[in-house]
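One chain comes next, on its own, written out as structure tokens in the form predicted on its own.
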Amino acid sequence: MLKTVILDGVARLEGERSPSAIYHILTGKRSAQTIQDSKLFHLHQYFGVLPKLRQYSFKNQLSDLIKGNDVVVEGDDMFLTDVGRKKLADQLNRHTYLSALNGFLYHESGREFWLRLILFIQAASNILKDEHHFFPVVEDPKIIRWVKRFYADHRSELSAMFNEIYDEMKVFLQELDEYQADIIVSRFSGYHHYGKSKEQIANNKNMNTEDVELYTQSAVHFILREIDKTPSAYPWLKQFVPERRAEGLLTHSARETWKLLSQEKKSIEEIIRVRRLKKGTIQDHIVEIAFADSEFDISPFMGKDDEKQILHLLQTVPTRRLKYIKNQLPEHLSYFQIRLVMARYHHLVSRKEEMASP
């Protein structure tokens, strides 16, 4: 549920950011600050999972939480009350499907995978019944072109492939909660049958459309995670997964900066001249790149001793407020350098967590 996600966001940010930070994470805003926040405060699972979330809907949900004494907002800061903490714990235990979300990794590829799949299922089920005229449930030209190419490449084995995709999907549906599986199945269209829209499901199940989207996204992210783990077990479904690239999280402008840095080996000063942008803008791009790419080399931007000093401080202070951290460090160290080490620190912590997980 959206309220649970907002409560979780408030709990993890705990006085460090304003409510708008959660909204920008949920909608997947492409900015250095939002990418940084989603990583540093372990909110990357929610990044971009509700790209069409209206600001007024978010504010209404937050307002309900404030009225219910779950959240307290003081200026730009927000905190959970004891009531809110208890409610969050109860809700996370009930809505276990939220743990499958990995928006930072799958928010774009998940959407494309899902649209390819539901359109192909609709097309194949109609064609197998000799029905070649139907209204596609997906209007995105890019998705339609992909499905047409995929069908053309496999039309001679369509019936067998259709059944095998069904078997692969059945494995995943059996792993989902029955309630969630019902939502996923109800969204598929077939021969003389159109799947339910988010609005129809929301009305039938007495929930809002954001909750339907969260159920759908978590199922899709679960499927993608399992395909990533054992792609050989899902030979057909894996073909619906689009290629994912680290730079996919970046704005077009940041990608241009990355190209100049990595391929043409230009310095910040050279990039400023070539792109005619402010130094701060180029530095924002570089911070975005550092958060997106765990292998990005930050050594050209600071000495090893400076990096170690910042890293040591990040390991000892309980806050991620840049101004506070800057005041604890020698004056020559810049906000830009601190943010780069924050990115490096995030990747180090993430690797440790991955190694420690079963």
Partner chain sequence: MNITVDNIKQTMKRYFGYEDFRKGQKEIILELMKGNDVLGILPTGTGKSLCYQLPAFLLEGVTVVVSPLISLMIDQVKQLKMKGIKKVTYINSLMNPEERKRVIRHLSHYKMIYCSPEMLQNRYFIERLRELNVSLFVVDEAHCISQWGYEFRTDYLRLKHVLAWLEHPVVLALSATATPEVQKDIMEQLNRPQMLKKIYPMDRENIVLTVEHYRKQNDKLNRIAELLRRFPVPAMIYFSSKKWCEHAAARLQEELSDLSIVYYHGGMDKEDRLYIQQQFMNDQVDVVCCTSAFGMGIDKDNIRLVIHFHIPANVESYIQEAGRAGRDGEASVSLIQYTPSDEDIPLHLISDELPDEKQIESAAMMLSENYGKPIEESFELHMMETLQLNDIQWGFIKYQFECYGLISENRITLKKSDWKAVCPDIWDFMSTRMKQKQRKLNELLSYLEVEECRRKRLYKSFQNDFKEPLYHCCDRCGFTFDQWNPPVRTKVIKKYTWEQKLKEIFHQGE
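Residue numbers count along the first chain shown, from 1. In this text, all values refer to a predicted model and were calculated from it rather than measured experimentally.
The same protein also exists as the form predicted together with the partner chain; that form is not shown, yet it is the one meant from here on.
Just one of Gln91, Ser109, Asn203, Ser262 comes within 4.5 Å of the partner chain in the predicted bound form, counting any heavy atom, and that one is Asn203. Exactly one listed residue, out of His95, Lys196, Arg85, Arg275, brings a non-hydrogen atom to within 4.5 Å of the partner chain in the predicted bound form: Lys196. At the 4.5 Å threshold, heavy atoms of His252 stay clear of the partner chain in the predicted bound form, well away from it.
Not displayed here, the partner chain is kept clear of Phe79 by more than 4.5 Å at the level of heavy atoms in the predicted bound form. Although the partner is absent here, Glu178 is a contact residue: one of its heavy atoms lies within 4.5 angstroms of the partner chain in the predicted bound form. Contact annotation: Pro136 falls within 4.5 Å of the partner chain in the predicted bound form, judged by heavy atom distances. If you check the partner chain in the predicted bound form, you find a heavy atom from every one of Phe162, Ile165 and Ser186 within 4.5 Å. Annotated contact segment (heavy atom within 4.5 Å of the partner chain in the predicted bound form): 170 to 178, selected among 278 to 286, 170 to 178, 218 to 226, 262 to 270.
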